[in-house]
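Presented as structure tokens, the chain that follows is alone, the form predicted on its own.
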């Protein structure tokens, strides 16, 4: 859900068109998560459907801009400070991308975000260790299951170490450089979604 919430968080700084959101997301995550425009617009359509974003009137250049709602702002706050699916011990870890975006958002307590996710990781580690203890009580040991639990434990331990590292590095950067957020950029190309009347059937097909 990081793309969805990342785009929503960026919209919290001001109205944007889709191509601008794509570039803002990629810049703020250090290019680690490239997006295509069709993905951005399909995500925006879902955000509008869910009442988290509204469409502004098209500008004179035809670009359609999107604006966050109050419900959307509440969802961003929940995402920033509440560990979710990105805390999974398996699969792609979305947490670094969340922290990278949080660093760019004015008014965000990034330290609180890091600490909330660290507490969740430690709780998850305790649950995994409890599972390992229960597993060893059985008469027949399933080596595959044991190794799977071991991999999850190593992954969560690694996340805790990374969070400790990130917390120290962020604190040092804030001491040395002050505030880190930088706001929306004004130097991005003005491409955006055209007015509905100007869209072609091929545009709709590309967004599917």
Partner chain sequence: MSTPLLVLDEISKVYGSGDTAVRAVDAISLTVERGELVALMGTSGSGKSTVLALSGGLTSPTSGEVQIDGANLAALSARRLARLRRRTIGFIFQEYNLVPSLTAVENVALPLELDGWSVGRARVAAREALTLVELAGLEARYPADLSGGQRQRVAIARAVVGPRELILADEPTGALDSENGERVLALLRRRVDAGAGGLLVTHDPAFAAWADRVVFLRDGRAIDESQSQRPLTTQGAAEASSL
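Please read these numbers as outputs of a predicted model, since none were measured by experiment. Residue numbers count along the first chain shown, from 1.
Same protein, other form: the form predicted in complex with the partner chain, not shown, and the subject of what follows.
Chemist: Give me the residue from 67, 46, 172, 157 that has a heavy atom within 4.5 Å of the partner chain in the predicted complex.
Modeler: The residue in contact is 157.
Chemist: Which residue among 105, 100, 80, 131 has a heavy atom within 4.5 angstroms of the partner chain in the predicted complex?
Modeler: When the partner chain is considered in the predicted complex, the option within 4.5 Å is 131.
Chemist: Any of the heavy atoms of residue 150 lying within 4.5 Å of the partner chain in the predicted complex?
Modeler: Although the partner chain is absent here, residue 150 would touch it in the predicted complex, with heavy atoms inside 4.5 Å.
Chemist: Do residue 71 and the partner chain share at least one heavy atom pair within 4.5 Å in the predicted complex?
Modeler: No - in the predicted complex, heavy atoms of residue 71 and the partner chain never come within 4.5 Å of each other.
Chemist: Is any part of 106-131 within 4.5 angstroms of the partner chain in the predicted complex by a non-hydrogen atom, and which residues would that be?
Modeler: The stretch touches the partner through 111, 115, 118, 119, 122, 123, 125, 126, 127, 129, 130, 131.
Chemist: Residue 165 and residue 35: their C-alpha distance differs by 3 angstroms or more in the predicted complex. Do they come closer or move farther apart compared with the shown form?
Modeler: Residue 165 and residue 35 sit farther apart in the predicted complex.
Chemist: Using the form shown as baseline, tell whether residue 32 and residue 155 are closer or farther in Cα-Cα distance in the predicted complex, where the change reaches 3 Å or more.
Modeler: Residue 32 and residue 155 sit closer together in the predicted complex.
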